[in-house]
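Next up: a single chain in C-alpha cells, the form predicted on its own.
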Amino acid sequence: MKIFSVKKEIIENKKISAGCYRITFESRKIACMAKPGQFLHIKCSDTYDPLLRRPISIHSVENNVIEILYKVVGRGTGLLSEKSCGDSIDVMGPLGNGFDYQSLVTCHLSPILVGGGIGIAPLYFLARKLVEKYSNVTVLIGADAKHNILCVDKLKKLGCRVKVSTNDGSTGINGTVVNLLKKELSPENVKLKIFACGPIPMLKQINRLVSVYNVSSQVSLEKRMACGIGACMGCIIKVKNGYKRVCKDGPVFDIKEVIWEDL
C-alpha cells in the first residue's frame, strides 16, 4: 500500500453541527488508493505546535474529491476548524486497514452499519461502496441528542434504510444505538454482517450482543496516535494472539479478535 504526503488547498471547511466540521480537498493520488475505514494523518497548523498530526477517518471520496468529517475535541482539531477555503492542508495517507466488505457477496450476508456520534464518519464512505452492490443496506445512527445526529439525509439519498436513536429522545427512538441493533437481531436472522464505529462503551455492548447471536462483525477503533504508520508502537491494543497497532494493523478489527476487557 502506497502512502502519500500531500499539501492541498482546502475547497471547503464547513460547520455542519455543534462542534462538527467537514473539510473538502482534492487529491487524485489519495482518492485512487483510499478504502472505507482508512484514515488520514493531518497536520493541524502551519507550525510545529501542536507537534503531532491528528488521525481522521476518510468520510467520502468522489471524483478525486476527498471529505473528512471531524469533531472538535481538543487544541489540534480546534486549530483545524479555523482553517478557511483557500488555506492549505498537509495530509498523509491513506493509512491503516479498512473494512473487509468484499466477502458479503460470497457469504450472502446483509450489511448493517452502526455509528455512534462522530463514528458515522467512516461508515458513510463504506455505505457508498455497499449500495453499488446491495439494495438492503441498513444504517443505525445513535447520539446523545438530535443536534449530534449526522448524515441521515445523505445516507437516505444513497438508498440506505436509516434508523436513529437519541439518549434524550429528541429524535428517533429514546435509547441507544445498541437498542436499535437488538431489534435487528434474532436467532432466525443471523445472515448479517455488522460494521461499527463509535465510542468504546458502545462497541463493548455490541460485542456482548453479537456474541449471543454469533453474528460476523467488524469494528473501527479510535486510539491516540503519534506516527500513524506503526513505527512508534504508541497505539497498541491487546488481541487474542498478542498485541496489534491500531494505526497499522487497524483501525478496523474483527470484533472477536479484540480483548475488550483491556480497553
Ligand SMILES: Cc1cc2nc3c(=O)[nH]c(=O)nc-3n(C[C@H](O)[C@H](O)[C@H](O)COP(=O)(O)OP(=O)(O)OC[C@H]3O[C@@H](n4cnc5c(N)ncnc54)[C@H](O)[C@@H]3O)c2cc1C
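In this text, all values refer to a predicted model and were calculated from it rather than measured experimentally. Don't overthink the numbering: it's just position in the shown sequence, from 1.
The same protein also has a form predicted together with the ligand, omitted here; what follows describes it.
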| the ligand in the predicted complex: contacting segment from 136 to 144, 154 to 162, 115 to 123, 179 to 187, heavy atom within 4.5 Å | 115 to 123
| message | Please determine whether Lys191 contacts the ligand in the predicted complex, using a 4.5 Å cut-off between heavy atoms. | response | no
| Though only this chain appears here, would Tyr213 touch the ligand in the predicted complex if you measure heavy atom gaps against 4.5 Å? | no
| said: in the predicted complex, is there a heavy atom of the ligand that lies within 4.5 Å of any heavy atom of Arg208, even though the partner is absent here? | reply: no
| said: Just checking whether Met225 would be counted as a contact of the ligand in the predicted complex - the rule being heavy atoms within 4.5 angstroms. | reply: yes
| task | Go through Ile237, Leu221, Met202, Ala34 and name the one with a heavy atom inside 4.5 Å of the ligand in the predicted complex. | result | Leu221
| field | Any residue of 246 to 263 that, in the predicted complex, places a heavy atom within 4.5 Å of the ligand | value | Pro251
